[in-house]
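A single chain comes next, written as structure tokens; it is the form predicted on its own.
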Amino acid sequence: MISPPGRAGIPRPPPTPGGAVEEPPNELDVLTRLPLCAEAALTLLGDPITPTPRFFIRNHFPAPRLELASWRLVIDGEVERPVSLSYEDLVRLPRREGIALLECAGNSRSGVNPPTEGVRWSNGAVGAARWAGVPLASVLERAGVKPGAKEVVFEGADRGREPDVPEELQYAMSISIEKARDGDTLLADRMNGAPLSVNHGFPVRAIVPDWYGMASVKWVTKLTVIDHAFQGYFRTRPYVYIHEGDSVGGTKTPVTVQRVKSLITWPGEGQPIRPGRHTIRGVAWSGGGPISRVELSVGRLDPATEPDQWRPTRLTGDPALHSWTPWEYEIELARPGYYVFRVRATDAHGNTQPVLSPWNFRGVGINSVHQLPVVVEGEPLR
């Protein structure tokens, strides 16, 4: 839960990072180096707050090197008073902090068949961190948003090229004006109690709770309020749902709110376990509301086995707003053999994970039931 606004605890400006390229933590599996994309193994996730070294990194272009002394945040467009804020100006505004989960829109893409476009994420491009910063609504209020405003465009300082686009691009993404005015949408400068690292958006990034991570733009330098739907490259091409049969030139549904999802964090993939009593653990979340239940199915790869049955798990924390809810299930696996664990979550509005998420060309918003093969090895229990 995001805490109320306040002026106490205003941080000192962090030191400007040095000139060397920031290497990813050893705990992450690197998928691409330039731009840097790295994720965590699921066995490293599941804590209420994901330690920063285990928090996934998704960059579209090389990380920019920004200096605090020259950094500015410009607010323009459909506003009464265009504003330019220094870092010192920004951190003097009333602040909020709280836990919010970010998930890359392409998380779980590697399991989609047929293969789709994009970085081949497994399931570890997700994490819940404690963020602190200034509510975006406070900054917009200083500028005075005009009545016809529809969206706010975040523009990052990172630049680069995309296939089939002749000109250099700057990363930019929009959110609705309603989401921008949500008091939990932040311009954050701290993560898990420390200044943002370069790879996580130093000095300031957006945090848009309940939306996929593409909206939480890093290295933010500009906010533009617009009276129409943003038509930038990333909003209209990579982060849209393109289904089989859609026309090439037709309007596509943009990726926005996180779909309900759950994952098994223990045991790990390919990790043999011995016969006995075990606690299966995992996490569940939804941008559509708190988690109301998580169910587990345990099937044995044996033709004589009865069909799978969904069994209720125990939620080990209060249903979380903007974050994930841990769950666990105690089971006795008496006989060695090959099993498949499957998990599905349902949120407070009745949204339930599908067995198979509808296929789309970009492989975004994948929330299929997580399936984990498990081998039980050793002497059976007597």
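Don't overthink the numbering: it's just position in the shown sequence, from 1. Model, not experiment: these values are computed from the prediction.
Although it is not shown, the form predicted in complex with a small molecule is what the next lines describe.
None of Glu78, Asp158, Glu295, Glu97 but one reaches within 4.5 angstroms of the small molecule in the model of the complex through a heavy atom, and that residue is Asp158.
Among the residues Thr256, Asn199, Thr224, Thr116, the one placing a heavy atom within 4.5 Å of the small molecule in the model of the complex is Asn199. Site residues Arg205, Gly213 and Tyr239 are all in contact with the small molecule in the model of the complex, judged by any heavy atom within 4.5 Å.
The stretch among 216-224, 144-152, 83-91, 275-283 whose residues place heavy atoms within 4.5 Å of the small molecule in the model of the complex is 216-224. Of the heavy atoms in Leu45, none are within 4.5 Å of the small molecule in the model of the complex.
Although the partner is absent here, His60 lies within 4.5 Å of the small molecule in the model of the complex, judged by heavy atoms. In the model of the complex, the small molecule lies farther than 4.5 Å from every heavy atom of Ala128. Although the partner is absent here, Phe55 sits close enough that one of its heavy atoms falls within 4.5 Å of the small molecule in the model of the complex.
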